[in-house]
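A lone chain, given as structure tokens: the form predicted on its own.
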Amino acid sequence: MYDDLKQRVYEANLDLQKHGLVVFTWGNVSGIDRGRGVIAIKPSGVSYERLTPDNMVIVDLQGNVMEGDLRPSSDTPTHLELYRGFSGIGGVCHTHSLYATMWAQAQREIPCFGTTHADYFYGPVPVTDTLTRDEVTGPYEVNTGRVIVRRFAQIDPLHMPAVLVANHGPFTWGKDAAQSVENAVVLEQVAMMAYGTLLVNGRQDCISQALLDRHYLRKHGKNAYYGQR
């Protein structure tokens, strides 16, 4: 019934391993079918070598399992909060990739120093507030999603398809599951580049607004001209 969605989410999850973003089972990708009100997501704790399209888990937007014999990822409630909070997204990716996670653990946004960053993320990649004790001891995964959505109160999630959850790690999203993984790959690269930039010059200024606008908008603006029509 959901074979196409499960296949696409399965392939996106395998891409995490292909691009070196995960160790063991430290990551998950989901994709949504908004017309049917369901998401497909990786099962909890299953190694990538054992994944198949059939064991992707289908849940509705309230978290009820609609199809599948395995438990969905423990991060499913976070994914659901993002789908509910960001109506324009179609896929969500969570990893503990090395450099992006270092920035998250340091509770520092990733500055935009250059055009590689600006091609994908319109400004510094934000970091959330730390979760309160009550948020941690309560419905933790739900509250992780809520702290992300709260951080984006004044940010367009389509212009900034990434966030660092303080003390935790990165989440990315996109038009579908595959693009959420692409953004995770790029995020890891710009996190590494920013780290290296500060090692070379600890006083480096961020990119100018003019250059940020030029690079981001030539790919994503209403008059974008990068790539083929």
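Source: prediction; values computed, not measured. Start at 1 with the first residue shown and count on from there.
Separately, the form predicted in complex with another copy of the chain exists; it is not shown, and the next lines address it.
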Is residue 96 one of the residues lying within 4.5 Å of another copy of the chain in the predicted bound form, judged by heavy atom distances? yes
Taking heavy atoms only, is residue 150 within 4.5 angstroms of another copy of the chain in the predicted bound form? no
Could you tell me if residue 106 has a non-hydrogen atom within 4.5 Å of another copy of the chain in the predicted bound form? yes
Interface membership of residue 138, another copy of the chain in the predicted bound form, 4.5 Å heavy atom rule: yes
Which of 38, 193, 160, 51 has a heavy atom within 4.5 Å of another copy of the chain in the predicted bound form? 193
Is every one of 24, 201 and 207 in contact with another copy of the chain in the predicted bound form, taking contact as a heavy atom within 4.5 Å? yes
Any residue of 173 to 188 with a heavy atom within 4.5 Å of another copy of the chain in the predicted bound form counts; write them all down in order. 182, 185, 186
